[in-house]
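Given next, in C-alpha cells, is a single chain: the form predicted on its own.
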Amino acid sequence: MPLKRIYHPNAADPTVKTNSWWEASATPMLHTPAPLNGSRDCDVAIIGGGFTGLNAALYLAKAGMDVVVAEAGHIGWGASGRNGGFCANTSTKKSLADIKIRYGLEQTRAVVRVQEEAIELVRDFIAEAGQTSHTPAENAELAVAHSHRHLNELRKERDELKDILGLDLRIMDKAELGDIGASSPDFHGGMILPWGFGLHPLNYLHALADAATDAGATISPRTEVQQVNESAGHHILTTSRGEIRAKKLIVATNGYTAESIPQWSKGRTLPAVSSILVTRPITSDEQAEQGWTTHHMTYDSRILLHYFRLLPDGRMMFGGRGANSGDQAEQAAFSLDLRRQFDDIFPAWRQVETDYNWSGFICLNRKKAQFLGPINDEQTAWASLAYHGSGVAMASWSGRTLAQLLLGERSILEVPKLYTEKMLPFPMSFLRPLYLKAAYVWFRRLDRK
C-alpha cells in the first residue's frame, strides 16, 4: 500500500532515478545486500539504511545483537547518498547564543563537544576504510556574506564564538577572500570555521554498509516498511516483502519519514527539498579566471542558502534551496533557476556545463534542532532525525549513540538537552507544505536585503 506523505509521490519513490555524481563515481560495495524475503525475528529492527541506521547497525552488531536494517530503496537512495558531503558541525538552526539562553553555558559547550566528536567519528571511520578527505587538513568550512549587512551578522557570530567557546576567529574582507582563492562579486567577506571536512558521501555510506554486514547485521534494501505495530512486547514491521518482529526499534528515516511509520511520526517533521548540480571538471586556468581555487566547504549567508565546494577532480558541486513539492517537473524548472544562481555567483563559469543535477529531502522540525530519544512509553522504540541539512556528522554520531542507549552503555542524560527535548507536531500539520511555501516567499525577500 502507498505510504502517506505530504509531497508529490515522485519525491519518495525508490524507482525514480537520480542524475547524481555520487552515484556515477561511487566505489561499489564489497557485499551485495539482498531484499528481505519472508519473515524475520531479530533483536533490533532499524528503519532506514542511511548514516543513522547503518552506524547504529554497525555498533549493535559488533556488540552481538541480531540487527535487521530495512531500507526502502537501494543503499544510498535517500538523503545520505544525495547530500553535499559536508561533514560539518551542526544539526540545528539555532545560534549558539540562542542555545545558551535556553540551556545555559555548559549545555551549549556540550553541544559543540558532541559536534566535534561526531566529525572525528566520521574522520576516523573513513581513514580506517581507506578513504580520504576531499579537503586538505587545514581547510574546514568557509562562511561568506552576500551583503554588507550580513557581513555585520558574521561579525556578531564571531563575537558569540569567542564569548562562548573562546575561539578567536578572523573576519576577512572581500580582498582577503580573494587572497585565499574565494573570489566572487557576490561575496563581501567571510570567516573560516575550524571544523569539518568534505567527503564522498556515498563512498562513506557504502563502506558503512560493508562494515555492518561484516559485523553480522542484515542489510535489506528495496524493503519498504509499510506498517508498524506493537504486539506482545515486540515491534511488528510489515514490509513489502515480509514481516520483521523485533524487540526494539530504531526509526532513522529523517526527511523520508512517512506520516504513520510509526504513528508517532505524524505531523512532526517538515521535509524540505535541497537541490544540487555538479559541473564538468573546471580547469586550473578557468578556476584562476574566476578567482575561485579554494577547496573549503563553503556556504553563504542567505536564509535559502547556497552551499558549494570544488571536488578533487575540479568539478564544482553547488547546492541550494527553493523547490518545494518534490514533483519532477517542478524540480526540472528549479534546476534551471539554480544554475542561474550559480552563474550570478561565478560569472566567469557561465559557459561551464552542468553534468549532473539531483535533489533530495532535508528534514526540519518545530524546535529547529535535531531530535534524539525514545518515542514510546516503554522506551523500546527510539528515533533520531531532523538534522536540518547538516546530517553527515551528527547522523553518524546519533546512530552510534542510539546503539549505546539501547545497550545500556549510555544514559539519555548524557546527551545534550537540545537534542533530547521533545519533538512536537506542527500545529495544523496538514498545512506544512503551505507553511513552507509562505516561508520561502518571505525568505527570498529577506535574502535580497
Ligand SMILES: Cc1cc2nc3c(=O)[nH]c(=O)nc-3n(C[C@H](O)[C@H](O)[C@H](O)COP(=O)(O)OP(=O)(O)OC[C@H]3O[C@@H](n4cnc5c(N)ncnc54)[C@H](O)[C@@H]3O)c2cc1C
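In case it trips you up, residue 1 is the first one in the sequence shown, and so on. Everything numeric here is computed off the predicted structure, so don't read it as measured data.
The same protein also exists as the form predicted in complex with the named molecule; that form is not shown, yet it is the one meant from here on.
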Choose one stretch from 400 to 408, 415 to 423, 27 to 35, 387 to 395: the one whose residues place a heavy atom within 4.5 angstroms of the named molecule in the predicted complex. 387 to 395
Does each of G49, A79 and I276 have at least one heavy atom within 4.5 Å of the named molecule in the predicted complex? yes
Assert contact residue (the named molecule, in the predicted complex, non-hydrogen atom within 4.5 Å, options A118, I219, L372, A252) equals A252
Which pick from W292, Y299, F361, F342 sits with a heavy atom within 4.5 Å of the named molecule in the predicted complex? F361
Closest heavy atom of V111 to the named molecule in the predicted complex, within 4.5 Å or not? no
I'd like to check something about V225: if you look in the predicted complex, is any of its heavy atoms closer than or equal to 4.5 Å to a heavy atom of the named molecule? yes
Look up in the predicted complex whether G326 has a non-hydrogen atom within 4.5 angstroms of the named molecule, and give yes or no. no
Is G84 a contact residue for the named molecule in the predicted complex, using a 4.5 Å heavy atom cut-off? yes
Quick one: which residues from 3 to 26 get a non-hydrogen atom within 4.5 Å of the named molecule in the predicted complex? L3, R5
